[in-house]
Structure formats: structure tokens, C-alpha cells
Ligand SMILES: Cc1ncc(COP(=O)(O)O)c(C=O)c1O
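One chain is shown next in C-alpha cells, namely the form predicted on its own.
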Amino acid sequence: MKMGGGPKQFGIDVEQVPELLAAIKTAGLQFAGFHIFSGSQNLKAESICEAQQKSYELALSLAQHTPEPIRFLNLGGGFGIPYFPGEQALDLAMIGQNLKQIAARAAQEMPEAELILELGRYLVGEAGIYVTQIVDRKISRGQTFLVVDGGLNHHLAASGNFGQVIRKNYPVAIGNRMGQGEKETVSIVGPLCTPLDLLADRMELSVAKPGDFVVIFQSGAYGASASPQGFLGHPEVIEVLV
């Protein structure tokens, strides 16, 4: 999901910033710093390094217009986690070295600035799982559906309705049948009356029946907080800290 560049509903266009900084000074307001954000769910270390370098250079170029020294420079986030087959965990070594170089420059070029990163998904995304119970099996024209008691109303991201251009399946398992040999290809759907309520599309999973539990991994970020829990009046998800 790209959130920077071109016309956007977020933030302030860079060409407007000098004028805004002058208005801040005229109004007697306190200037604290810059928050620059370029994207989300990035697994390419070189791209993150490039974005951080460009963000720093942008802040440095704007520093000549600020009414006070920069005290906070938020370089954004974008650190991704692997969700889908073929994706590799982010290698932090290159990013760490890049940030070390930026920090050394900042100590000289904007010594009062504190550098900030936002790493919500990276810190908690892999730490959470979503568990929902199978309430029914349905076979429709040769395709098997496992109907569960929670869906996009609890986990919008896993349904693919939170920014995916092409829907992909999160890592999924039948939680109480891990390691069992017999498999079947099924789709897992929620209880809502919309075809968007799809948690897994034609995945090979352990053979399951009503009462079993479906587990969706990588659910610690953009789960309950990003989902329309009031949609169609179904019960809200229960969050448990273990």
C-alpha cells in the first residue's frame, strides 16, 4: 500500500511547507518537527533505506525555513512482515547501518533533533493469531466451504479488503488438527451475507468438521482495530493477552 507521492489526502504537499512554516511563526505557534511517511508493509531493505535517506534530505532542506530548530524528525515506518508464500523476513542489517549513518549526520546537521520510527506492525504483527470456530461445512457444486463464526468483521485484513490489489491467503491452519495427514482443499468463509467475507480461498488444510478451530497467523496488527466489528450485528471479537 503506497501512501506517499502524487496527490494524496494525507499530510502536506512539500511545496506548501515553507509557506506553512512562515504562517506558524507569524501565528506564534510552537514548531516541533516533521513527520514524513512514504509507505507501509515494505520487505525490501534497500527501498526502506532509500526512503529514509530521502526523508532526511527533505527535512534538512526544509530546516532553513523552520521558525525553530527541529526537535523531532519522524522518518515513518514501512517495516514489513512476511504474510504470503515466497516472502522473506526483512533483513535489518542494511537498515541499521543506514540509520547509523543518518544518526551521525543528524548529530552534526540538526543536533537538537530526536529521530523517530514507527514500527507497530513489525513489532506485533507476528505475535498475534486469530482463532475462529467452524460452525458448518457446505459443499456447493463440488467446492467445500468451512463456515466459521468470525470473518471480515473481526479480521478485515485477512479477508483481503484492507488494501490488497490481488487477494492472497494469510497463513492458515486447523488449530486442533496440526500435523494430521489427511488433507482437503477448502475455502473458509465467515458468517456475513457478502461474498467479501472470505478468510481463505481454496487452501489445502487438514480435514476439518464443525467444532474445530481455524487459526490465522500474522494477525497481531490490523486485526480487530482495523475491522468493522459492528457490521451486521455479530458479536465482537475477544482479545486475549497470553
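So that there is no doubt, residue numbering starts at 1 and follows the sequence shown. Note that the coordinates shown come from a computational prediction; the quantities given were computed from them, not determined experimentally.
This protein has a second form, the form predicted in complex with this ligand, left out of what is shown; the following refers to that one.
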Practice problem: Name the single residue among Glu109, Asp149, Glu126, Glu118 that comes within 4.5 Å of this ligand in the predicted bound form, judging by heavy atoms. | Solution: Glu118
Quiz item: Within 4.5 Å of this ligand in the predicted bound form, heavy atoms considered, which of Ser187, Gln53, Ser40, Thr194?
Solution: Ser40
Practice problem: Decide whether His35 counts as a contact residue for this ligand in the predicted bound form under a heavy atom distance cut-off of 4.5 Å. | Solution: yes
Quiz item: So which of 57-65, 198-206, 24-32, 40-48 is the stretch with heavy atoms within 4.5 Å of this ligand in the predicted bound form?
Solution: 40-48
Practice problem: Determine the residues of 221-239 with a heavy atom within 4.5 Å of this ligand in the predicted bound form and present them in sequence order; the list may be empty. | Solution: Tyr222
